[in-house]
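Before any questions on how it binds or moves, here is one chain, the form predicted on its own, in structure tokens.
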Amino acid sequence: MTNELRYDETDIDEFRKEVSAWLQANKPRDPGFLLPQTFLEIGSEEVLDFLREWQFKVWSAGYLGMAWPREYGGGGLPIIYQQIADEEMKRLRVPILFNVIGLGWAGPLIINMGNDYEKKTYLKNILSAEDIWCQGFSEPNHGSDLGSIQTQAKREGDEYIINGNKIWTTLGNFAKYMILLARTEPKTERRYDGLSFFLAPMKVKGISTKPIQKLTGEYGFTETFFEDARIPASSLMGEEGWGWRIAMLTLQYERGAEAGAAGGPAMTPIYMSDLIAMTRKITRENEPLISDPVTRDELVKFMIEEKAILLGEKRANVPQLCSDYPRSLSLSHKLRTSEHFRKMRQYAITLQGAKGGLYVGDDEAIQGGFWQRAYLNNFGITIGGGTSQIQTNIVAEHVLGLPKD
């Protein structure tokens, strides 16, 4: 595998075969417990240790962070190599790479605007899964309204004293670091001013977390409390007052509108081929459900949407094909994919009839309740990174140019 930023089709074909062979030889066996479908569901040390070991193995083999700088633990290769590795991981249904907030949000942010110290300190351990990251944006009384954040960060010598709390902190109970948005200036003319951004340590006195149980019964989120927690002043990213600008860039990574993620699947791939396979096994009046013309018509609609999303991901990387609305595909990606998944999974449950009301653990549940669990898990995707309603406003304002009012 070449280390140069050039490649040809022969390189790519050989690399795909190499990745596929390695994944097939190293794919973990069934651990005997339920693995998460997304990174939002890791609620036990047992699951965490399993996924941590798997991520380290993938990175050690050279198939994670392939486009990140070599001097910080990456591969220094063209992004196409990581894209191929990701495609093969999804195709072969290997376990997810769980450290998503580090791999997809904090890491790219640090590469983009971090100083040398931050890059040397954080990036390699994100890739190896030695350091787990979480996000401290949302608050209990303000939800997605980041401009109303009340968590305070007061400078005192070489430290900041943090007071307040955050909600929906994915992996908060396991994380070593948090990307934290806090208010360093309480009184400002505009509510977006006075916010600052921190790469904050979590394992310090005064920071505690409380697990939050999801609809699925799992514990993937926490509420995080800061009570006179002291973090080093060097945790500040950029300057005081830059918080809003940095947070908006971070959200671009979270929503898939900016490149730079280290790679790997953050969610178990669930495709239309899986739904079609289910309709072949369910019968209605002694005939496979897929033979029903109305069902087939609905399936085709979902197949068209899935194909459009997959082709859109490729098209977004070709500027000449996006010249009319240059950022339309990237800015609408989260909305389109999360809503497609929600509707498709809900339809899968509908097709199960009365058994659609069963869940994981019920012996009569179709496919062990796989689709029910997938549907409930999808709510975290439609909410995280900004709800679908917020995503619709983003498309309206930043793609179509419509006024805010």
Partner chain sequence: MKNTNLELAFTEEQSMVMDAAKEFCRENSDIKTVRALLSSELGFNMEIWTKMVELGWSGITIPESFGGTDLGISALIPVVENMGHYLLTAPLITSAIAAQAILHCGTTELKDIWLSRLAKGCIGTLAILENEDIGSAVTMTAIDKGGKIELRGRKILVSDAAAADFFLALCKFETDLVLVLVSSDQIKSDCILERKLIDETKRAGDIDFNGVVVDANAMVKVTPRSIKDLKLIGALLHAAEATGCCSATLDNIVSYLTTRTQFGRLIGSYQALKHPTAEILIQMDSAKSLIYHAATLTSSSNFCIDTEIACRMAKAQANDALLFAGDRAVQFHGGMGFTYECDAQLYIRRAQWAQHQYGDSQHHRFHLAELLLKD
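These numbers were taken from a predicted model, which means no experiment stands behind them. Residue numbers count along the first chain shown, from 1. Just so we're on the same page, rigid core means the largest C-alpha set that superposes within 1.5 Å between forms.
There is also a form predicted together with its partner chain; it is not shown, and the following applies to it.
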Can you work out whether its partner chain is within 4.5 angstroms of a heavy atom in all three of K154, N173 and E227 in the predicted complex?
no
Please identify the residue among N112, N115, T283, S234 with any heavy atom within 4.5 Å of its partner chain in the predicted complex.
T283
Of these, S60, N26, S44, Q346, which has a heavy atom no more than 4.5 Å from its partner chain in the predicted complex?
Q346
Among 156 to 164, 94 to 102, 209 to 217, 68 to 76, which stretch sits within 4.5 Å of its partner chain in the predicted complex, heavy atoms only?
209 to 217
With the partner left out here, check for me: in the predicted complex, does some heavy atom of D30 sit within 4.5 Å of its partner chain?
no
Closest heavy atom of A396 to its partner chain in the predicted complex, within 4.5 Å or not?
yes
Can you tell me if A266 lies within 4.5 angstroms of its partner chain in the predicted complex, counting non-hydrogen atoms only?
no
Contact between D324 and its partner chain in the predicted complex at 4.5 Å, heavy atoms?
yes
Those residues of 383 to 397 with a non-hydrogen atom no more than 4.5 Å from its partner chain in the predicted complex are I383, T387, S388, Q389, I390, T392, N393, V395, A396, E397
Checking D324 here: with the core superposed, does its CA move 2 Å or more between this form and the one not shown?
yes
Displaced residue check between this form and the one not shown: H333, CA, 2 Å or over, core reference
yes
After fitting the core, F302 CA displacement of 2 Å or more between this form and the one not shown
yes
